[in-house]
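Starting off, we have a lone chain in the form predicted on its own, written out as structure tokens.
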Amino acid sequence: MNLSPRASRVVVAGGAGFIGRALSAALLEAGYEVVLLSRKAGKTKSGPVKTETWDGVSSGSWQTVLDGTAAVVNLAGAYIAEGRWTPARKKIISDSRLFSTRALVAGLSCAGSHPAVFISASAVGYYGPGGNEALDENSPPGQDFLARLCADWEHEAQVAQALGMRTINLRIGVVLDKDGGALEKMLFPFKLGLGGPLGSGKQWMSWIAREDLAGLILHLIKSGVSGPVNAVAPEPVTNRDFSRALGRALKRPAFMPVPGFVLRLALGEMGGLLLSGQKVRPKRALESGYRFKFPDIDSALSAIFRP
């Protein structure tokens, strides 16, 4: 593999997915060389993006690309909204995050020259169901499955801090773009004119445009920030207001609510999560000087669905 000087390289674990594709494009535009660690690396046609095969668990030759890089970004983990959270599914969700982060940090510990910064994904699920309370990075963790998982996930990542690397736990909200993630799953009923809020629609939704998430990660690579950072837009919305905004962007009605009991029957514990929500603020991102391109839901959805 023909690599440029390592100080200009960013390694992205789990970078072939919905967030990783946008991040890779932003990094390339900013002049970085990008190396993906991916189970699908051998099949990925990513143009100027280089790939290294990694199973998410084992050590191997992929570790050599970590030495002296500008940053390592960890996005590895199984998709969380894939069916009911059965015990078997919970184990897949947990193991894919904890084991991959542990293996990545072990690889970092073996690097002759440690990367300057390690950014590891987490989620706003860290806070648990929040009701109407405004939450920031100083708020305590919740006690449900996702909150406990996020706390354990962040603990694994923070081992890198002891190795002398600036370490960031990126608590990501609902990431919006039309070609993947939660929004892609919502589009079908809305396009048929059958969209609407989930349950009462009063629950808060902390979201971020995918373009802003990539921009925030770029900003954090260059900043001096460490510790938890909420990756959410400055203006959370209720699920009802989000549904109305999506209807406006698609020029479709948005008045068909999905009853809460239907969600709970269909999705079990994850359905309860969709009905509770969180009102999370990006306090540290704003304090660090990041300026959101899409701070409000109408500007984000208008840009996403612009012809």
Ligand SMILES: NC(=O)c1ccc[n+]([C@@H]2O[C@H](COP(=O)([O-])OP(=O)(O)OC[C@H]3O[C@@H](n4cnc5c(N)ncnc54)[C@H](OP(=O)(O)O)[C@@H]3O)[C@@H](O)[C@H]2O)c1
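Quick note: we count residues from 1 along the sequence shown, nothing fancier. This is a predicted model, so every value here is computed, not measured.
Missing here is the form predicted in complex with the named molecule; even so, the following discussion is about that form.
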Is Val174 a contact residue for the named molecule in the predicted complex, using a 4.5 Å heavy atom cut-off?
-> yes
Would Gly77 count as a contact of the named molecule in the predicted complex, using a 4.5 angstroms cut-off between non-hydrogen atoms?
-> yes
Can any non-hydrogen atom of Ile297 be found within 4.5 angstroms of the named molecule in the predicted complex?
-> no
With the partner left out of view, is Ala123 within 4.5 angstroms of the named molecule in the predicted complex by any non-hydrogen atom?
-> yes
Thinking of the named molecule in the predicted complex, which stretch from 132-140, 184-192, 114-122, 216-224 has heavy atoms inside 4.5 Å of it?
-> 114-122
Looking at the named molecule in the predicted complex, is some heavy atom of each of Trp204, Gly260 and Ser276 within 4.5 Å of it?
-> no
Only hit among Ser96, Gln161, Ser200, Ser109 for heavy atom within 4.5 Å of the named molecule in the predicted complex is Ser96
Contact check, 11-33 vs the named molecule in the predicted complex, heavy atom within 4.5 Å, ordered by sequence, gives Gly14, Ala16, Gly17, Phe18, Ile19, Gly20
